[in-house]
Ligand code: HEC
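To begin, one chain is listed below as structure tokens, in the form predicted alone.
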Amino acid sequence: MPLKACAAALLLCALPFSALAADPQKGKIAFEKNGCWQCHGYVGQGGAAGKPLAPKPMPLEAFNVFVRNSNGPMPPYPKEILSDADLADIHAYLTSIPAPKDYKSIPLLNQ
């Protein structure tokens, strides 16, 4: 096997499978189904009860640790309630949310 192909295969093996197969569309469904929107808003913008999660969520590994082990106002979500695949999909959904436009680019707000 050529060296580049071997290195690429090794890199793919090092990544978690859930991160490779994460689906933002499934993540949006899981985000809504599991009630994340109730505190964090439908597009992860945050609200009175939850911090903003999007458009740039924390790295997937940190996100997993926080969601599984939260000891603050947010309850922890064990794998029996929220699978690793669903969690990776939710992270992919949050990552896919674009940043809001700069208010300076909206003519009506610059009058």
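Residue positions are given as counts along the sequence shown, with the first one as 1. It should be emphasised that the depicted structure is a prediction, and the values quoted were computed from it without experimental measurement.
Not on display, but discussed next: the form predicted together with the named molecule.
Asker: Would residue 79 count as touching the named molecule in the model of the complex under a 4.5 Å heavy atom rule?
Answerer: Residue 79 lies outside the contact set for the named molecule.
Asker: With the cut-off set at 4.5 Å between non-hydrogen atoms, does residue 35 touch the named molecule in the model of the complex?
Answerer: Flag for residue 35 set to yes.
Asker: Can you tell me whether residue 55 touches the named molecule? I mean in the model of the complex, with a 4.5 angstroms heavy atom cut-off.
Answerer: Flag for residue 55 set to no.
Asker: Can you tell me whether residue 67 touches the named molecule? I mean in the model of the complex, with a 4.5 angstroms heavy atom cut-off.
Answerer: Looking in the model of the complex, residue contacts with the named molecule include residue 67, since a heavy atom lies within 4.5 Å.
Asker: The named molecule is absent from this chain, but in the model of the complex, do 24, 26 and 42 each have a non-hydrogen atom within 4.5 Å of it?
Answerer: Zero of three within 4.5 Å in the model of the complex.
Asker: Listed by sequence position, which residues of 92-108 have a non-hydrogen atom within 4.5 angstroms of the named molecule in the model of the complex?
Answerer: If the 4.5 Å heavy-atom criterion is applied to the named molecule in the model of the complex, 92-108 yields nothing.
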